[in-house]
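Have a look below at one chain only, the form predicted alone, in structure tokens format.
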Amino acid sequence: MQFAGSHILSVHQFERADVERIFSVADDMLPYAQRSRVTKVLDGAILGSMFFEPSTRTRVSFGSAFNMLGGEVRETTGFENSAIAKGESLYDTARVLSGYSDVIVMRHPTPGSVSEFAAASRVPVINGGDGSNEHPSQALLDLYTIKSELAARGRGIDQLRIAMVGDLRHGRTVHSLCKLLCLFNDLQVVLVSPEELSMPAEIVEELRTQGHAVLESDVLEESIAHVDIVYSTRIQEERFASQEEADLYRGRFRLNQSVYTSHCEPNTVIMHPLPRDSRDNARELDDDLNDNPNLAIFRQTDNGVLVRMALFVLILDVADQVDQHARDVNWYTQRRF
């Protein structure tokens, strides 16, 4: 794809070469994310950060990524703090705010809303999550993490064995990740969920059409026995009609150190898009996994900054200028990835 000036709305935009280009640029961002170097390549540029659903990691990491490139961030959080609460349309909001920004990141609870907004925007728009539909930057950082974790074991993404566990019906992270995995070869994908929360049929069909082996199961232990990655997700309670309905499924597939030791291969990587639900009736990833070296959830969050920096420099067409505007840091730093 042509990155310069493009919206990033869906993983369907990418060919394999595009993903590899993003990952190559993300690798180059490591000194800046680690704070051993500082760049001002986006000095004077403004990111419009518009989050109409709760967010911690995505919102802050996008903002941090832009700041680390020398740009400034203007935030809108929640409908109540925007003119949308007064009845303004997405079209009008896009026309106005794109006049104040050089690039916009948007999260919205309605599927398709970010695409609608982007159609009226005068600057590039990145989808930070639109309801239960897609979350392309999360899928990219997840795949970047998979690549990095497997590379340490001398493996590539082709022939990956992965189990996705939890609320696969509502989880936009797994929807986008599955679509992105279709760019690779000879995968084994195990989808572990209650039947009511199973992966949408069209995504399962897309995986199978691309030649991947897909197994659907509602039993955790046997499903994680022979995989490289266990990708766990929380129950998306905000997508249910009531708290009581969500509680029917909460805590159904709990992974702790005992289950891991008994059923997983020794080097199985544990991933989760976060937040993980640490309430006693949930705990899809128990705290006793925190010292497990194969728990990659915080490496995932670090990788999110790298990938989002890469998207910004590609969209704003400055990937070849980052080092020209760089210097060493002049404060004490002990940042480690």
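Source: prediction; values computed, not measured. The first residue of the sequence shown is number 1, and the count goes up from there.
The same protein also exists as the form predicted in complex with ligand NCD; that form is not shown, yet it is the one meant from here on.
Undergrad: At the 4.5 Å heavy atom threshold, is P273 in contact with ligand NCD in the predicted bound form?
TA: Answer yes; at least one heavy atom of P273 falls within 4.5 Å of ligand NCD in the predicted bound form.
Undergrad: Flag R172 as yes or no: does it have a non-hydrogen atom within 4.5 angstroms of any non-hydrogen atom of ligand NCD in the predicted bound form?
TA: So R172 counts as contacting ligand NCD.
Undergrad: Check whether R107 has any heavy atom within 4.5 Å of a heavy atom of ligand NCD in the predicted bound form, and answer yes or no.
TA: Taking the distances in the predicted bound form, the answer for R107 is yes, it comes within 4.5 Å of ligand NCD.
Undergrad: I'd like to check something about N303: if you look in the predicted bound form, is any of its heavy atoms closer than or equal to 4.5 Å to a heavy atom of ligand NCD?
TA: N303: no contact with ligand NCD in the predicted bound form.
Undergrad: Heavy atoms within 4.5 Å of ligand NCD in the predicted bound form: which stretch among 132 to 140, 96 to 104, 261 to 269, 219 to 227?
TA: That would be 132 to 140.
Undergrad: Among Q236, S198, S115, S148, which has any heavy atom within 4.5 Å of ligand NCD in the predicted bound form?
TA: Contact residue from the list: Q236.
Undergrad: Just give me the single entry in R37, R299, R283, R57 that has a non-hydrogen atom within 4.5 angstroms of ligand NCD in the predicted bound form.
TA: It is R57 that has a heavy atom within 4.5 Å of the partner.
Undergrad: Residue by residue through 1 to 33, which ones have a non-hydrogen atom no more than 4.5 angstroms from ligand NCD in the predicted bound form?
TA: The stretch 1 to 33, when checked against ligand NCD in the predicted bound form, contributes no residue at the 4.5 Å heavy-atom cut-off.
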